[in-house]
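Single chain ahead, written as C-alpha cells, the form predicted alone.
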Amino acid sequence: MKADYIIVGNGLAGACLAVQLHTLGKKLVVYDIPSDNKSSAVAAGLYNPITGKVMKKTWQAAVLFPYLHRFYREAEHLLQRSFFHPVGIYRPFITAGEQNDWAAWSANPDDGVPVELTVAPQSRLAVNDPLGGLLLPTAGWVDVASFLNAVRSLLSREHRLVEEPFRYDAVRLAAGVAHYGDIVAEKIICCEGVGARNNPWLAPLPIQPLKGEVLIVEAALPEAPIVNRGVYLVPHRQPGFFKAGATYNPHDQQPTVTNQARQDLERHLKAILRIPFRVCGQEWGFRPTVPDRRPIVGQHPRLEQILVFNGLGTKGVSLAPYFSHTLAQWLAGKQSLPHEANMNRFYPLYSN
C-alpha cells in the first residue's frame, strides 16, 4: 500500500497535522494507541494570548491566535463536531496594586490584545473577587478529547488508523522512501509526545516530561467565562461538572495521581470559590516540554524520511494548529520552517 505519510501518534500534534494533510488531499496512515495520549486527553484545552504576572503576550501571539480560531472553526466543519469554545477567561484581582497595574496596561494593551476590566465583583460567577477582575475576551478553550475522537473517527472511516504500537525496528529506509510492513511512504512523521524518548531516531532530543494533574469537580457554576486564578475551571462532559487544574511537577515521573496534587488543587479551589464543590475524580498526564519552550518541527539531520513534530509543552492547543500548518506547507514546498522551532537547532546533539 502506498501512502504519502505515516504519522506516529494522534495526540494534539498528530491530530492537527493529520487534519492539515487530509485537507491537502494527502494519503495518510496514522499509528496510535489512545491510552498513550495521556497529556492531550486530560488537557483542559485553554488558550490565552496573555501570560504570566508581567502581562505579556505569549510567544508568537500575533500569528498563533488568529490562525487557531480559523483552524478549529474549519476543523469543526470538516469533522462535524463542536469542540471550539471562544468564551473568554476571567481572572479575579488579588490586590489593589494588581488592579491598578492591569488598568494601566489595558489603556495601552500590548500589540492590541483586548482586555475588559471590572472593579465590581461578578456575583453570578460565585468566585472570590472583591476587587473585580480582568476578562480576556480573545481567550477560551478547546474540548481536546472531543477533537481527538473526531479525528480518530475520520481516520477510521477512511481506514487510515492503525491502533497498534509502531515498531521503529521494522522500518526500512531506502531510495527516498520508508517501508513499513506493506506500506511505502514518503515520510514518517513522529508526533509521540513524551513517547519520543523511546524513539531511537529522536533519542538525543531534550524532550522532558512535565507531569500535570487535574481534578474533576461538581459545582453550581456558569460555564462561561472560564475562571482562572491559581486554578482554572473548565466545563467537563456534562453540565455542572468541571476540570480543575493543573499542577506542574517536573520531578514526579510516576504514572498515577497523587494525594499532594489533590490537596494543592483543593486548596486553590477553596480560595477562589464562594460555593461548595465536590471532587468526583482525578487525572494525570505528562506534557512534552523542551528547555527553550519552543516546538520541535522538521527533518532528522541524517534521515530525510524521518520528521518530527513535538515539544508543544503546556500550550499545545495554541501551538499545534499553526505549526502543523507550517510543517504541512513545508512538505508541499511552499514555505520554510520557522527558525525558532526548527529541528535543526538540535543538530549538534547528533554529532556523535
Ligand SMILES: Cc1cc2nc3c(=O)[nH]c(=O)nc-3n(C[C@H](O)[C@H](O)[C@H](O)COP(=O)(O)OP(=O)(O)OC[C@H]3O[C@@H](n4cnc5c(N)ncnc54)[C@H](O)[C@@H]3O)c2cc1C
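For every residue, the number given is its place in the sequence shown, counted from 1. The model shown is predicted, which means the values in this text are computed figures rather than measured ones.
Omitted here: the form predicted together with the ligand. The next part is about that form.
Taking V42, V290, A61, I306 one by one, only a single residue has any non-hydrogen atom within 4.5 Å of the ligand in the predicted bound form, and it is V42. Exactly one listed residue, out of F93, F166, W105, F83, brings a non-hydrogen atom to within 4.5 Å of the ligand in the predicted bound form: F166.
At least one heavy atom of T314 is located within 4.5 Å of the ligand in the predicted bound form. Though the partner is left out of this view, A246 does reach within 4.5 Å of the ligand in the predicted bound form, counting heavy atoms only. Mapping the unseen interface onto this chain, G212 counts among the residues with a heavy atom inside 4.5 Å of the ligand in the predicted bound form. The closest heavy atom approach of G133 to the ligand in the predicted bound form falls outside 4.5 Å. Against the ligand in the predicted bound form, the set Y5, V19 and L28 makes no contact: no member has a heavy atom within 4.5 Å. In summary, the region of this chain contacting the ligand in the predicted bound form, judged by heavy atoms within 4.5 Å and restricted to 325 to 333, 338 to 346, 19 to 27, 5 to 13, corresponds to 5 to 13. Contacts with the ligand in the predicted bound form, taken as any heavy atom within 4.5 Å, map to no residue of 129 to 160.
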